[in-house]
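First comes one chain, alone, set out as structure tokens in the form predicted alone.
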Amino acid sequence: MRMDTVIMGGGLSGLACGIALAKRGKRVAIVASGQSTLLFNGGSMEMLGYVDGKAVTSPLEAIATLPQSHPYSKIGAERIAALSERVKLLFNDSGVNMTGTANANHWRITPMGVAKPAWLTLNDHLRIDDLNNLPAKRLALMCIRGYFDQPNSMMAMGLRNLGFEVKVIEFTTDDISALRRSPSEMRATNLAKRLVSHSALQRIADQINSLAGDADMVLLPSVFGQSDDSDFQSLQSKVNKPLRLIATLPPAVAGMRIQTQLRHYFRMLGGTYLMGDSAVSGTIEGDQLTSITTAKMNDMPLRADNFVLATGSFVSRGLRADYERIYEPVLDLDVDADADREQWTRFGVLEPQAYMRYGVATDEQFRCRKQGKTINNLYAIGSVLSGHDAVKMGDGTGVSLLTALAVNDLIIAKK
């Protein structure tokens, strides 16, 4: 199979790069092993949340202070602003309705009730632009009886610590009670599949209108709209108070929605999405990667002019480790990592962990290296890259999206 570009990895970075290339008329194939880490995404994207442990208010200003090893520095601070606007357009074109600006972070609420800086947030999810000017005073935190993936007491405590008055209200409906016959059914994704009909949404609306009292705003767990936000909009039309969703523990409906809409848009643009497959090896001739072999098509190599590595970090098995080394498993590319295993981790789960900064080594144009030699048509994007700690810096989704568009530009510019 011959393509213009083959992307290894079908998560956020792979999809963003694939969409951008397909919009330019390129023949693109994405090799995707299955669910990506978008399954853990609560409906927000972070560009840069923290520097040296301090919350960032203006990401664009803070990016200019980052070390040269950070992926943003390879893009160039002056280009980030323009790329960030293109990310918003990409989401909008995909039907993913998000708001936010790279000039100033807003605040998202985690499932534990903690406020964290964010760049973009789904329109139907709670966001706070200014912690000193809350969007409501009295909140009704509506909790689904039997649903355990939202720690209600911690959520309520966190919201109260921010200055909200919170009334916790438990409710159920016949549709929800039917799922409670099996505890395994009371997951966000199962609820989202069940709570889609007009009658099911009306019964929830009736409960909210009856129980919300004098609340200025009603919060619900994010269990609506697995494919788009139409179910939430339908529910809002039946409720006489403003509604907002709040993130739950994984599996996250919001992340699955984003993934579903991006995949659909990529295919609509003519992209080839090879679901349930993964790259296992490749052929390098001189300074070019000429083809890759996948687990399911080992007798039909994928050939392309350019290749993009978007396989993710350790969670996605884009990086792996044994007792002796940290390595990239598809092509055994060079990796930026400490050779001494003792340096990989530090005692204390909240301490910065060195392995979080490890990743594939690239040049200034995100081209990968093997045994010190640059592969001119192989680029790395997203969390497989080295040079940043997505947990401590709150920049994981931003790195995925912005490096994806930066590499798209590099590929398009090639003759």
Partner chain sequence: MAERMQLCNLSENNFEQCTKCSICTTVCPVAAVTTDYPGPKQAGPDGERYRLKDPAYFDKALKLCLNCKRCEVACPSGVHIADIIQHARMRATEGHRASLRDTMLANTDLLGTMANLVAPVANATLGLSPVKMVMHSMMAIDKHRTFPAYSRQKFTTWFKRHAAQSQDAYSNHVSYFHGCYVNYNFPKLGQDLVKLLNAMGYGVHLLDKEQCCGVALIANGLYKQAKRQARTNIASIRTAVNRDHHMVLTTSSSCTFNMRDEYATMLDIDNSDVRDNITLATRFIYNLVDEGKIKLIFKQDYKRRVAYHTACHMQRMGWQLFSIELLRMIPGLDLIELEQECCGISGTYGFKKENYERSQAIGSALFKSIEQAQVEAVATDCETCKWQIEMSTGLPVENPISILADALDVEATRQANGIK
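It should be emphasised that the depicted structure is a prediction, and the values quoted were computed from it without experimental measurement. Residue numbers count along the first chain shown, from 1.
This next part talks about the form predicted together with its partner chain, which is not shown.
- Here the chain stands alone, but in the predicted bound form its contact with its partner chain, taken as any heavy atom within 4.5 Å, falls in 268-276 among 268-276, 164-172, 123-131, 235-243.
- Contact check for R27, P251 and Y323: all three have a heavy atom within 4.5 Å of its partner chain in the predicted bound form.
- In the predicted bound form, its partner chain lies within 4.5 Å of some heavy atom of E185.
- Though the partner is left out of this view, L60 does not reach within 4.5 Å of its partner chain in the predicted bound form, counting heavy atoms only.
- Proximity of R263 to its partner chain in the predicted bound form falls within the 4.5 Å heavy atom cutoff.
- Using a 4.5 Å cutoff between non-hydrogen atoms, A200 does not count as a contact of its partner chain in the predicted bound form.
- Contact annotation: of the candidates K193, R86, H106, K74, the single residue with a non-hydrogen atom within 4.5 angstroms of its partner chain in the predicted bound form is K193.
- In terms of contact with its partner chain in the predicted bound form, the residue from L179, I80, I292, V218 that brings a heavy atom within 4.5 Å is L179.
- Along 30-44, a non-hydrogen atom within 4.5 Å of its partner chain in the predicted bound form is carried by G34, Q35, L39, in order along the sequence.
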